[in-house]
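As a starting point, one isolated chain is supplied in structure tokens, in the form predicted alone.
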Amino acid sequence: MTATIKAPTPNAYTRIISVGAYRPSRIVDNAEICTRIDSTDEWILERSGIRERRYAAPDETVVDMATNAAKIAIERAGIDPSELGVLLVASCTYPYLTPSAAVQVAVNIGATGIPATDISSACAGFCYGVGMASDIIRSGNATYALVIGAEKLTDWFDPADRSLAFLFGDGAGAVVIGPSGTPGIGPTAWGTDGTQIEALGIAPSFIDQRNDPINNVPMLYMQGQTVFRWAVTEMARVAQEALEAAGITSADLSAFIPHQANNRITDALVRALKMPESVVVARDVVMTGNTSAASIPLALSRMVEEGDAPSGGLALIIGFGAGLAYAAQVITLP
């Protein structure tokens, strides 16, 4: 007689139980940015909507920020770190190929031994993590998951680069995901367009740097207009796909929390999706800048802490960036 494999007991549904955020203490306003680039506060506001951003301290790392956000989320979830079944860190600025940031965060939060790994999908990474964690929990392979978006972008761009220096900041956000009696995380609409890898990324490679360390320091690059056009056209389609997969319309939403790239992209998506005025739109980019994988959990944290949208209401989250990669899902607000 052939033996059969014992399968874990699945969970029907999942939800985000809690959210935590860490914002570095140093605030950098547009006036300071303009001391390094030929620009003005008015121009930066018009192009991006950003007034200020946070910079991590020189000795502050992606792991440090991720750990701080994680501890807040775990405490708010009311669980012990030992109850976590998986830990995912979304980051494109962790400066080591291996070991992962996630394994170090696991030690820092007292969860040594749990499966932990990183996600390299840039600005889409957090939504990738939410989708993966939700599916892992529903499969029965974990009861609780910790998903973190953490970035130290200030390590990876030239502060005198007029096209980039005003956009980016540092920070980390984390959520605890667990089982639910009702659907709290909708199906993930996700994908990639690898034909446009030249539009956004960090280059050259570490191998190039090793061969010529003086002329080949890896730095962030972006074809701004290409990324903008792609985001405002293709991401409206992806957002609509996520709404339809969840069986709702934009009129059912309490909140819209897109990747905080800039307010012009957000405005274009709001128009394309015909968002009613009752939907609260995240504008954390104004105070935090573009923080890549950290931007959605940071914006979610601000919205929850300030009571901008009701607990239990529906929110659409969508991340998009280098790859070009994208992911979106409807969630129930913690």
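Nothing here was measured: the structure is a model prediction, and the numbers come from that model. One-based numbering along the sequence shown.
The form predicted in complex with a small molecule exists for this protein as well; it is not shown, and the discussion that follows is about that form.
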- Hey, of 37-45, 58-66, 269-277, 302-310, which bit sits against the small molecule in the predicted complex at 4.5 Å between non-hydrogen atoms? 37-45
- Contact assignment for the small molecule in the predicted complex, among Phe166, Tyr128, Tyr144, Tyr94, heavy atom within 4.5 Å: Phe166
- Message: Can you work out which of Ile257, Ala242, Leu200, Ala101 has a heavy atom no more than 4.5 Å from the small molecule in the predicted complex?
- Response: Leu200
- Task: Report whether all of Arg162, Val227 and Arg264 sit within 4.5 Å of the small molecule in the predicted complex, measuring from non-hydrogen atoms.
- Result: yes
- Message: Is Ala174 part of the interface with the small molecule in the predicted complex - any heavy atom within 4.5 Å?
- Response: no
- Query: Can you check whether Asn290 is within 4.5 Å of the small molecule in the predicted complex, heavy atom basis?
  - Reply: yes
- Message: Can you tell me if Met222 lies within 4.5 angstroms of the small molecule in the predicted complex, counting non-hydrogen atoms only?
- Response: yes
- Message: Please determine whether Cys123 contacts the small molecule in the predicted complex, using a 4.5 Å cut-off between heavy atoms.
- Response: yes
